[in-house]
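The chain that follows stands alone, in the form predicted alone, written as structure tokens.
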């Protein structure tokens, strides 16, 4: 499933649409960046509430398909700019990471 398809099915809003055709292979939930950095895998849809520039760096290192900011977490301006430069898809939802993970699991 592509990031664009995921966005439609989970009713996510694009904050940065860098590569909407990127394939989502799995998912990961976490807010402790060092933990996510050592565990997220290529193609993951990463659910978090962290919307800062460091999250973009972690997503790039892990080659995540996208970041989804849960519970309407805010993306700061520096992070938005870096995501655009680095080609990282960032989406947003009002739902929490648990509910979104359950839905993603059913889709995959």
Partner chain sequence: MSLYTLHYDVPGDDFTRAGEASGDVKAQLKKLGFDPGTVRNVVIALYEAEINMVIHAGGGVIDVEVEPDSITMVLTDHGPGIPDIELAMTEGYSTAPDNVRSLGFGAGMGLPNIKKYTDEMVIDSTVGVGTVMKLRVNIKE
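Residue numbers count along the first chain shown, from 1. Please read these numbers as outputs of a predicted model, since none were measured by experiment.
Keep in mind the form predicted in complex with the partner chain is missing from the figure; the text below concerns it.
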| item | value |
| --- | --- |
| Contact of residue 77 with the partner chain in the predicted bound form (heavy atom, 4.5 Å) | no |
| Contact label in the predicted bound form: residue 83 to the partner chain, heavy atom within 4.5 Å | no |
| Non-hydrogen atom contact residue 72 with the partner chain in the predicted bound form at 4.5 angstroms | no |
| Proximity of residue 65 to the partner chain in the predicted bound form, heavy atoms at 4.5 Å | no |
| Contacts with the partner chain in the predicted bound form - residues in 46-85 whose heavy atoms fall within 4.5 Å | 50, 52, 53, 54, 57, 58, 60, 61, 63, 78, 82 |
